[in-house]
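Next up: just one chain, as structure tokens, the form predicted alone.
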Amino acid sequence: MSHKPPSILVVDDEPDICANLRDILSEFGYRVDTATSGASALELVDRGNYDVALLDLKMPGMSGVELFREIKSRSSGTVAVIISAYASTSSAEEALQAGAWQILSKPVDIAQVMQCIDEAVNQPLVMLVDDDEDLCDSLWDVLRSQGIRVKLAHNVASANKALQDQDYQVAIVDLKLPGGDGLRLCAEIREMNPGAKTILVTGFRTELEQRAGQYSGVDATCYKPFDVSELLATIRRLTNAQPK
């Protein structure tokens, strides 16, 4: 887990709600930013990294669902919690289907919000590095459904940037990457994030076997096409996490 205080983004078109949540969450040691529109929220997301985003469902201009989808594309490791007076609506269900973590009802129950944030930030944090974006999106859905936070990176440069923003418990790294080599990236991950475990993945079993002497620092290997249950078991073994 990161040594930095967890960072929270609160988005609601009512400034009083933003101010109230900011004051309460700050007292508990969280770093909190607020925004009263989807556009201003995305400006903050583009400038920084957030562990959790508390998003109002009904807002003028951009709904909480639309905002979540944008946040997901820009900051895939952020856990979204939707807060709404319309928690049973089709829009709320749409948010859950898109990958939001939970739906909380208005008026806000602070104890429930705190419990939800605590659960979110204590989920295992995994970085998935693979240039196959469809595969990444599919695995994101699977891992999020199992209570695992997932940061996606599609090349070495974006992986290195992600390593500067957060500490990860596990990095799942493809052997062949644009702009670099998966084995080398695993070594860089160990250097930048010494507590991280690494899972090297490839569809080229023979090549990996030929390079066996080069990956003594890798904690596990996994072959494509994935056995998802095996991958989940490996992540949980490396993070000591319990199944959801």
Partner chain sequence: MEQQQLFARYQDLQKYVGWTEEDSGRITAVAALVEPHIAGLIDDFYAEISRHPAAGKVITGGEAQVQRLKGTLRAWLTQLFAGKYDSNYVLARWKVGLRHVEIGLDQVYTNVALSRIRNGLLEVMCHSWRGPLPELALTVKALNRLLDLDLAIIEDAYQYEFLQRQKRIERLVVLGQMASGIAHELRNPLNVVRTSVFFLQNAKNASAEKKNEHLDRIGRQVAVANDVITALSDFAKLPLPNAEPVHVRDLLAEVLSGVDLPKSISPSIACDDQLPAIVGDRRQLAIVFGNLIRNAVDAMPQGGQLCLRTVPDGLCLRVEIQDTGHGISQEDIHRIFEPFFSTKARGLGLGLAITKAIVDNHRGQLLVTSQPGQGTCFTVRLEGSTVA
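Positions refer to the first chain, counted from 1. Worth saying up front: this structure is predicted, and the values here are computed from it rather than measured.
Although it is not shown, the form predicted together with its partner chain is what the next lines describe.
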Would its partner chain in the model of the complex be within 4.5 angstroms of a non-hydrogen atom of every residue among Ile17, Lys106 and Ile110?
yes
Consider Cys222 of the chain shown here, and say whether it contacts its partner chain in the model of the complex, taking contact as heavy atoms within 4.5 Å.
no
Is there any non-hydrogen atom of Lys58 lying within 4.5 Å of its partner chain in the model of the complex?
yes
Verify the contact flag for Glu191: yes if a non-hydrogen atom of it lies within 4.5 Å of a non-hydrogen atom of its partner chain in the model of the complex, no if not.
no
Wondering, does Ile24 line up within 4.5 Å of its partner chain in the model of the complex on heavy atoms?
yes
Stretch in contact in the model of the complex with its partner chain, which is absent here, among 136-144, 166-174, 110-118, 151-159 (heavy atoms within 4.5 Å)
110-118
In the model of the complex, which residues of 168-199 put a heavy atom within 4.5 Å of its partner chain?
none
